[in-house]
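First comes one chain, alone, set out as structure tokens in the form predicted on its own.
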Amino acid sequence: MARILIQFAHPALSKSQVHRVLIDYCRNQKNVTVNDLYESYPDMFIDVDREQKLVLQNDIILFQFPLYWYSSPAIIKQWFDLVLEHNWAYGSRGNALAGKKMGCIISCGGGPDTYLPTGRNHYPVDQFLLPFEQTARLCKMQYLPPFVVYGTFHITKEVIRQSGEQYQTILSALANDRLNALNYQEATYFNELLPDLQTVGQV
């Protein structure tokens, strides 16, 4: 089984409707480790050695966070700046992450229609995540399509619960190496793969 590390970052978790549920759905999953970055480093002083060891112990790294101001919370940028060292994560001798997978699990306040050229956000969500995709490429990792929970300002408890179950399905597929049976590289979002994962009875 593949080992999954969830790098969780929410600067105001007590106010979160969505991520408190999502994180509950993944805490008891086999081969899944949840690393709450704001809980571990409230002062933003990241223990680089600890983080590098965690990454090395896992095969898949998922960054879970709310999309704030079209970007990730600050601690994730801090994590990238400090942990992904030259000649460790990238560079001519930087092969520590080669072959691992990286992906994003995110929520955003607007609905899918707001992330269209005609919507108020003008660009699709995957465009706002390009720094993650390029970082994965630079570090010789495989980038996974993101899983997105839209419309969190008006989301119902039932939709949140369904999103939690979908997240659980994704984690199970990843941990059991079932993703390779699908052409996941052709999907823009992980959400598109969920019907196939569920109908083939792989979870």
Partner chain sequence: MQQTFFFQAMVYLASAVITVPIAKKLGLGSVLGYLLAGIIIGPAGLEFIGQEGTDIMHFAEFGVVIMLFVIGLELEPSRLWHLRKSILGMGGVQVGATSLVVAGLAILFGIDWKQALALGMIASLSSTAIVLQSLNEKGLMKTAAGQSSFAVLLFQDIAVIPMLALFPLLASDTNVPVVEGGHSHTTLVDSLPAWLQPFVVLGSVAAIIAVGRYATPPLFRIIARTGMREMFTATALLLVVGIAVLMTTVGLSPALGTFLAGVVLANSEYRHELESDIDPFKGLLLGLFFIAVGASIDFQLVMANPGLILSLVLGIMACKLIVLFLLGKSFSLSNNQNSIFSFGLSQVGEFAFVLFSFSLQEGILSKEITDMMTAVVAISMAFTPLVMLLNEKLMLPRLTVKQDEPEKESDLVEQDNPVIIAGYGHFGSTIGRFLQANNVQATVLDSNSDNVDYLRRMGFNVFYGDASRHDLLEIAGAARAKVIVIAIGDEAKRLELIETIKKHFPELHILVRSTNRYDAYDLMNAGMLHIYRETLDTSLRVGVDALTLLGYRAHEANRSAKTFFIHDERTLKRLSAIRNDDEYVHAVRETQSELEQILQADRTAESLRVDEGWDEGSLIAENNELVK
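Owing to the predicted nature of the structure, the values given are computational and were not obtained by experimental measurement. Positions refer to the first chain, counted from 1.
Missing here is the form predicted together with its partner chain; even so, the following discussion is about that form.
Interface membership of residue 92, defined by any non-hydrogen atom within 4.5 Å of its partner chain in the predicted bound form, is confirmed.
In the predicted bound form, its partner chain sits within 4.5 Å of a heavy atom of residue 44. Among residues of the shown chain, residue 177 is not one whose heavy atoms approach its partner chain to within 4.5 Å in the predicted bound form.
At the 4.5 Å threshold, heavy atoms of residue 82 reach its partner chain in the predicted bound form. Exactly one of the stretches 58 to 66, 36 to 44, 147 to 155, 161 to 169 approaches its partner chain in the predicted bound form with heavy atoms within 4.5 Å, and it is 36 to 44.
Residue 78 is the sole member of 59 to 79 found to place a heavy atom within 4.5 Å of its partner chain in the predicted bound form.
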